[in-house]
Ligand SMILES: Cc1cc2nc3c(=O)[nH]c(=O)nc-3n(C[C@H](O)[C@H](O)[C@H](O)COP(=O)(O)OP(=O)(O)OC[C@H]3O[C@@H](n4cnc5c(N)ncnc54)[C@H](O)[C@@H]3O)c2cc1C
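The form predicted alone is given below as one chain in structure tokens.
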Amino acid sequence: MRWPAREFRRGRVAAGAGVRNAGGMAEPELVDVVVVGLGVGGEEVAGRLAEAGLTVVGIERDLVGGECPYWGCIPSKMMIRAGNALAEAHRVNELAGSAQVRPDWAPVAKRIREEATDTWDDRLAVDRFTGKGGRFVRGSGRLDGPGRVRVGEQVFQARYGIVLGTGTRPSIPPIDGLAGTPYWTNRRAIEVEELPESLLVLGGGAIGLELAQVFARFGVRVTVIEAADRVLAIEEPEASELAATALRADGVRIETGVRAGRVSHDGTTFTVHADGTGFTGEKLLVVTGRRAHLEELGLDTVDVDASQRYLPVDGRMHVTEGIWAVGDLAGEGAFTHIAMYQAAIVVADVLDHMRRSKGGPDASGTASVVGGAAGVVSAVGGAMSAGGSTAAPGSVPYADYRALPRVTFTDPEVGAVGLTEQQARERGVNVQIGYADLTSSARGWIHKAGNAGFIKLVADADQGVLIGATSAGPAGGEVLSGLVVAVHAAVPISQLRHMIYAYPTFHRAIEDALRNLR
């Protein structure tokens, strides 16, 4: 038997939004949970709670699924896959004879349009949510007092809580002359049907480098302009050097330590003016970060400061009583895997909150972490889990970002987890560093063309565990998985050294890096 919300859905929820009071104002419609923003995290929370039998209203002004499936992870990796195929074809000349390659963007654009985005239509995603029992509302939702959300003329009152998952948007720097020009953000770069002859990329972070390399491999003249003294500035210096070398080999011009002072556009060409030098290109891609637009959420109606860059949350993703935040909005990084991880915690905590509100038999909470997945229990005690595993009694988990993985999908890939060497030293850790060059490994030597990469380990010498690692190379993101486990579980270095590493693999270089720890 499910929670009686199913009956509630058939009656009051279906008819209440249009009711008005004597003053002509819309009467709040009572529902269980309102989710504002159906990006990756919000969609997961809303769908899971609807499946658990709650009456859930999901509000989205753009496309259900958010940035990742339409303008981020999925289409960009399709572009990268195509660019890597071109690069591999060129490597035939070093390994297996000769090959001639003619780049063609048309099949890439077609695949993004038809396979990834359905021409930027979210009907399937909306149907997926409503098929789970949720109710979808298209529009911009904002808080309207404790437990209340307004979208247009509709007002919803949430019994158990509100989940905010409105994500972030590109942060455009206040450069003189930039506003009003037809510059690209990542969205326009993903949607492009015909490539320009030349492209300026303002920003040398992960997104900027991934797109720069792709376009260069398809014949576009690309210049990357980065204000910091190196690209991928948040990663290890060795990773920055590796990525810059790889992109330069693909013909990308990289200018670091350059701060744009002014941008001009004459109708056909962009010029970025910096330090007395002008960089010109047909198109300009601005990828200088992202930010949450908290001022749009009505946070003042619940006494939450909207002037912050991101919404501060506690370990269970609480913003304040009855309000949770998930995904980019929470400021832990614009990664799909973070949003999904947080969504599992929110689902568990909302259900636990509901049980405690009802004074049910599991008032202390019956959600748990099983192998890192947040397990949740349905509204009347039927078990289900965030990752498909069986839930076990315990408590709702707290978020733990010690082993947060991140991958820059350039060629070579740069995967990283935990702290960099600099971050560890700044925290006063007694640091040990282990390094291994991938080209010196057996697999790197066999691989030959395109074998650049390394393993770098950051260890806490006092604790005898890894606290950070970088895996860069042809399969850097895949090799990273074992290092994530080591950091997350605080596996003793002595135990890592006493493992058997398959030969000849790229991940066997971890053993070399462990041997070199000093």
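Quick caveat: nothing in here was measured; it's all calculated off a predicted structure. So that there is no doubt, residue numbering starts at 1 and follows the sequence shown.
Quick note: we don't show the form predicted in complex with the named molecule, though the next part is all about it.
- Residues with any non-hydrogen atom within 4.5 angstroms of the named molecule in the predicted bound form fall in just one of 138 to 146, 442 to 450, 113 to 121, 303 to 311: 138 to 146.
- Checking A85, V101, C73, I234 for any heavy atom within 4.5 Å of the named molecule in the predicted bound form turns up a single hit: C73.
- Only one of the listed residues (V458, A486, I59, V33) places a non-hydrogen atom within 4.5 angstroms of the named molecule in the predicted bound form, and that residue is I59.
- Contact check for G39: a heavy atom falls within 4.5 Å of the named molecule in the predicted bound form.
- Using a 4.5 Å cutoff between non-hydrogen atoms, T166 counts as a contact of the named molecule in the predicted bound form.
- Under a 4.5 angstroms non-hydrogen atom cutoff, the named molecule in the predicted bound form lacks L178 among its neighbouring residues.
- Not displayed here, the named molecule is approached by I207 to within 4.5 Å at the level of heavy atoms in the predicted bound form.
- Of all the residues from 276 to 302, those having a non-hydrogen atom no more than 4.5 Å from the named molecule in the predicted bound form are R290, L297.
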